[in-house]
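Only one chain is included here, represented as structure tokens and corresponding to the form predicted on its own.
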């Protein structure tokens, strides 16, 4: 199956995408991870993307689509897209990209989270610079911020500062929220509550994917 995971910043898309990937044996394609990797490697695309990322703004479509095209052409069949598309224009270009590869999306899952919870999650979020796993500081009361998977010291993302968070929320409302209606019109959107524990949210996703008439799992 080919799935898109939508939701505002702080909705837990990365955490849920990783769980979905493991349970259903999909390839997770996370544009944020792809971009950070290109920045880390100092590639031409990475240098172009870095300034936009630090300010919480959308990276130009030409950069994102170049990365996405390369990833999809690696031969992956089932995948979950995390962090893409983020605008109607990107969604339309993704449709064309998949069509050229004789593929199409099966389902779009929209995680719904209220504004206050979004802000709280983003301010407390830390990430492993080595393996990319995301945590919240609340998970490490009286404990060092060490990744539970690889033992690397955790750090806050550069775009999780207050100014960038505010800008990202504005960008989401202006560009990404309209995707809900876009995919609803295609008949492939399903919205679920992103409130509560990661395990509780994941169980709702699993129930959705296994529900009668879902996508034929």
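As the structure is a computational prediction, the values presented were derived from the model and not from experiment. Positions refer to the first chain, counted from 1.
The discussion below concerns the form predicted together with a small molecule, not included here.
Taken together, the three residues 57, 136 and 198 all come within 4.5 Å of the small molecule in the predicted complex, as judged by their closest heavy atom.
Proximity of residue 31 to the small molecule in the predicted complex falls within the 4.5 Å heavy atom cutoff. Although the partner is absent from this view, residue 125 contacts the small molecule in the predicted complex, with a non-hydrogen atom inside 4.5 angstroms. Contact annotation: residue 154 falls outside 4.5 Å of the small molecule in the predicted complex, judged by heavy atom distances. The closest non-hydrogen atom of residue 168 lies within 4.5 Å of the small molecule in the predicted complex.
With the partner omitted here, the residue from 26, 189, 35, 179 that has a non-hydrogen atom within 4.5 angstroms of the small molecule in the predicted complex is 35.
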